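This document starts with two versions of one protein chain, written out as structure tokens and named structure 1 and structure 2.
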Structure 1
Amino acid sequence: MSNYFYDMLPAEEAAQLKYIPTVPEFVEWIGKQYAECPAISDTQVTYSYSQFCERIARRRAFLKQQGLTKGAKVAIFDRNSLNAVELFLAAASSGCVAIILPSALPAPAVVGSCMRFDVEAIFVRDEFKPLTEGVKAKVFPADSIADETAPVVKVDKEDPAAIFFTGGTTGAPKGVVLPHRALMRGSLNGVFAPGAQLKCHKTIGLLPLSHVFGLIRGTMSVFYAGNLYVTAEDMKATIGKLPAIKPTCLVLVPGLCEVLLGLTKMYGANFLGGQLKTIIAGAANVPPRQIEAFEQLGISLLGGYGMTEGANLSSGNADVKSRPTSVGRLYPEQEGKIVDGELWIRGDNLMTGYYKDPENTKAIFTEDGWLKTGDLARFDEDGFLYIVGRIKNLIILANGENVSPEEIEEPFYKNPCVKDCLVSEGEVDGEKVIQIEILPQMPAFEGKPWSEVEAFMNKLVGEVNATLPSTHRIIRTVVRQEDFKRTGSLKVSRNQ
């Protein structure tokens, strides 16, 4: 086992950490390990770990009273609230399978999701109640809780703990079934970062709990380390309260990192609260310029790699200064290898499969347990991983050669004047060519005419082209004045 991650922590903290393979064991452990430490807050009320786990036990009792026993599919339709967090842990520690529905789902999708995943009960926020009309499952208020408590239910580490939505490696929506072992391995992986991590951080749950990154690294890892989690039912409003909340660590996507950088330019570095030391970013590649910008504010921006099928956290990078484009090294007890340019991973962080979808499950797994990620990647001589593109995004040239658009985009993201870019297949005079759309970082061009912005970007394209094989060069350049269409995690959508 590599000591790379354990060596990041103080020796006494590394000695305390252990892999807990199931959620029921985890809930009991944090209740005892961190009993009197503050666990969760909505800024109005704060519960210690002992109080938090007692409330989870009362939620378990409510589930039991409704006949929701081991194996039952329980959906949670709420914002990032105290209720949602407690319900998730109550369901998983009752042996039920928890499914957190995205808060933006329209009524037909709510009904369809409940049918698709055989949901027996759905816990709903009051404002979302009208969207559940037509749902065949039992419907309960999200604040449902019993007066009595119920013990955790013994489960096997291979039993399903949760189902998450994903596009998978083919783009078609699927339900990823994460067993307890995978959910908990990902949660432990999220604890690792340079310096002290246990009982010393305050984190805000800004990312949706329905997203595996928000639930595992943004929430479960916080509890694993005995830290304080602050709920964020309204992300925009909560960002405005950063100066008052004073977080020490945030879990974000690069799009939100960009928002925070913009706000610090408007209001000063103290807008972030003055105590923020670490940002963990994921769900998209972290631009090196963001790493540099936060470094100037005294904040470490750390990236990594993961996918829903791998419980989100497969690798982490604590060496962003020397390797800003790497997603780091593989976490303990996980394996990775490159096969025909594609990254394959194996370990106890992997899903058991897609829900009721044996065909796609078989397609992504090899017979000996390797998961084919669909990501083009490489390892350097020190074991650091680099993601260079997605197989499904490859551009096929006229000569049959494959071009990864992400590889061409990478040097542009190193330039502080580029906010975002997108390389794709275009057409000039009836011929297929490689094209790029560039969204400038406009504050860098303040006071300058648009013609100078375009001239700068065209010059940059020429400089990048000079480093590329002739077949890979960009022929058509578009400098955008409007933002790209983006995904729910604020990534640039490749379907513009």
Structure 2
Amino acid sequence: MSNYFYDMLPAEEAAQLKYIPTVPEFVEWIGKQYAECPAISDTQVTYSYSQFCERIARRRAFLKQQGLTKGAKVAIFDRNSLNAVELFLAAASSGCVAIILPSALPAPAVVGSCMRFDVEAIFVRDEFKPLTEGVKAKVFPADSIADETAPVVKVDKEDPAAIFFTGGTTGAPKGVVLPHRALMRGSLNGVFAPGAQLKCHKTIGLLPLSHVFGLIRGTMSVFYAGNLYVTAEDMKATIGKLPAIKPTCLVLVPGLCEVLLGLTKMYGANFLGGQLKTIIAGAANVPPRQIEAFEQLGISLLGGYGMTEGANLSSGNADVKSRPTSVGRLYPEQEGKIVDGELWIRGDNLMTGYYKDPENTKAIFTEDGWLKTGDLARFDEDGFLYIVGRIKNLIILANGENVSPEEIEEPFYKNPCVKDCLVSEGEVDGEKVIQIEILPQMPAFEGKPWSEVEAFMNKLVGEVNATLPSTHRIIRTVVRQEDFKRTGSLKVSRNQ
């Protein structure tokens, strides 16, 4: 077992931390281990761990009363609220399979996701209720809670605990099925950072709970360590309250780190509350300049590597000063090797597969249980991992969103004035953005000046942008006069 991570903690904390393989055991353990410590707050009300776990037990009783027992798929459609966190833990500790829907999901995708994942019941925030019309599942308010309590339900560590969306922007995302052992391994991995970590931090759930990084590192690891979690139903409003909340640790994506740096430039370092010592950043590459900028504010910015299929946390880097471009070392019980330049990982953090998708599941796993990450990587002589590129065709933005270029290209191909197009990762002012290059169908513009062709394409991009989620919009447009490089079958080559 790697001591790199255990050695980061004070000895007495390292001795206390043990791997708990299922969510029901975990919920019982935190209720006893941290009973009197503050667990969760929506800034109005704060519950101790024993109160929190009692509320989870009352939610379990509600699930049971509705006939939602072991194996039932239960969706949660809410913002990052107290209700959503309690519902997630109640469902998973009842043996149900929890599916947290992204709060920005449009109505057809809500209906589609519920059908795709065989959802039996959906717990909905009041304001989202109109979006659930047409859902063929029982619909309950997100604040549903019983008066009495129900005990946790014993599960096997291989039983599914949750399903997360990955790799899709529209109606047909893949569902990553994480068993209890994976969810809990990822949650334990997230506790490791230099210095004391148990019962001494206050953090805010700023990242979406529907994202594996927001749920596992941003939420579950916080409870694993007995720390205080502040919910953030409205990201903007909560960031505005940072001076009052005074967090000591935040879990962010690099795009949000940039927002915080911008705020400190405008209003000074005190805007972050004056207590912030650590930021854990993930879901996208952490630029070394951010590490430096936070260092000047006395804040350690720690990165790592992971993917949804691996319960998010495969490696972590506490040596950001000496190795700012590394994603760190592999967590305990995580194996990794490089095969033809590609990183393969194996360990109890891996998913069991994509939901009802044996083809893609077979494609990503080897027969002896290695998961092919699709990332090109190398290890240095001290075991530090470096991600150097990607095999799979996916754009990963600073906000952690994974964008599939083909899905953005699709509407352009429907326009008769577009001959070909290519969506890729571009750069504007040193920031990674989504860009599109469009080759016009020139006969359609015969006799028209080039400026008119450009204006037409810019307008088209604007129209397509209006239909895309705000995080997936095209920022840079290039209208090409020269043809693309093409493959042997005359398709547009992705390597221009």
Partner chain sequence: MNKEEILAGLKEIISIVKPKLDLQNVTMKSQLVSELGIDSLSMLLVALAVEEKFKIKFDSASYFNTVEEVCDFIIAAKK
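C-alpha atoms forming the largest set that superposes within 1.5 Å between two forms make up the rigid core. Quick note, the numbers are simply positions in structure 1, starting from 1. Just so it is clear, the model here is predicted, and its values are computed rather than measured.
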**OP:** Have a look at both and say which one is the form predicted in complex with its partner chain.
**Re:** 2
**OP:** Determine whether Ala311 and Gln496 are assigned to the same rigid part when the chain is split into two bodies between structure 1 and structure 2.
**Re:** no
Original post:
What turn in degrees does the smaller rigid part make against its larger partner between structure 1 and structure 2?
Top reply: 150
Original post:
Once the two forms are fitted on their rigid core, how many angstrom does the CA of Lys392 move between structure 1 and structure 2?
Top reply: 2.6
Subject >> Inter-form CA displacement between structure 1 and structure 2 at Arg480 - rigid core frame, Å >> reply: 16.5
